[in-house]
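We begin with a single chain expressed as structure tokens, specifically the form predicted on its own.
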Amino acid sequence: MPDFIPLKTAIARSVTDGCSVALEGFTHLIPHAAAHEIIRQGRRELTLMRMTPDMIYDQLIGMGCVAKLIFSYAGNPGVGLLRRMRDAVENGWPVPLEIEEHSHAAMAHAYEAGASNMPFALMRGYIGAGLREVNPNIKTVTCPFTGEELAAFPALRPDVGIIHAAKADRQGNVLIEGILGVQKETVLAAKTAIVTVEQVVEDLQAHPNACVLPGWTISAICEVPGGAHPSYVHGVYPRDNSAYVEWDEIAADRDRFQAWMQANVLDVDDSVFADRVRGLV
């Protein structure tokens, strides 16, 4: 059974300098509150993994928390590029950023391989693809049964996997509804799994075929209402599209970025997330 603890305690206990962290969610259920707590605690030299790095990874990179990024697409959804990520790659500000780029399919395969306790993943899609020219972790192997050449790449097994969900019950089981990315695979692949939730309930009232993560797969559950804002939680609050548009201008200037982070991340705690979604419901 996982521990029901404050987010600040969960991050302090599990996320250490130099570790690998995956904060997953696909447009929906993105764990913004957890990312902000990592920034507040001043973690450094992290290796971040994510299929679609967006605003929270731009913030983590811009605050100097990240040494390496393993990813398949990076951008501000519906708006444009990640300006803090680009500054780190092109100019080394605030610290240099190493990148390892994959396709979406490869990232999903790599998480699944990690969840299956396998050392690497296989696919045909990389044979002849240009990513092999820029990613030395894409290798080739020969199938022992058919002689076919296949692409192989390392499994993703983060030290810490973090996701957000609508609710958990008091036995530690977590219900994920709506658009799913690789949240299940991230939890199963990670050495330690932290789940932030909108609420803790007596009964999940899960419908048949719902995605339910059993309590034994999770290390800590943190109740953080609004913890996915400005992304959304199906049936709870919508996506705050204006926040993503505003972020493009905020992140474009180093001084404005730092001032925004000071006022909206460093000087507050996770309780502000509940206030931010009240006007959206």
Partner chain sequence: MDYSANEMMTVAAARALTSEDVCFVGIGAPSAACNLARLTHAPGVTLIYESGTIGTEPNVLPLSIGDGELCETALTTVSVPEMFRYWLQGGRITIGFLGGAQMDRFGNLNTTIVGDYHSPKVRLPGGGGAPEIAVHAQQIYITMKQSPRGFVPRIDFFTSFGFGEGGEDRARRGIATKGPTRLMTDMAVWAPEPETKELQVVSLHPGVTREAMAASVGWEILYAEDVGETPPPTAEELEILRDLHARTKAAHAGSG
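The model shown is predicted, which means the values in this text are computed figures rather than measured ones. Residue numbers count along the first chain shown, from 1.
Here the subject shifts to the form predicted together with the partner chain, a form of this protein not shown in this document.
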query: Any non-hydrogen atom of residue 104 within 4.5 angstroms of the partner chain in the model of the complex; finding: yes
query: The partner chain contact in the model of the complex: residue 130, any heavy atom under 4.5 Å; finding: yes
query: 4.5 angstroms heavy atom contact with the partner chain in the model of the complex for residue 158; finding: no
query: Partner proximity in the model of the complex: residue 44 to the partner chain, non-hydrogen atom cutoff 4.5 Å; finding: no
query: All of 181, 238 and 279 with a heavy atom within 4.5 Å of the partner chain in the model of the complex; finding: yes
query: Interface stretch in the model of the complex with the partner chain - options 56-64, 215-223, 36-44, 240-248, non-hydrogen atom within 4.5 Å; finding: 240-248
query: The partner chain: the contacting residue among 204, 74, 166, 115 in the model of the complex [heavy atom, 4.5 Å]; finding: 74
query: Heavy atom contacts to the partner chain in the model of the complex at 4.5 Å, residues of 87-126 in sequence order; finding: 89, 90, 99, 101, 103, 104, 105, 108, 109, 112, 123, 124, 125, 126
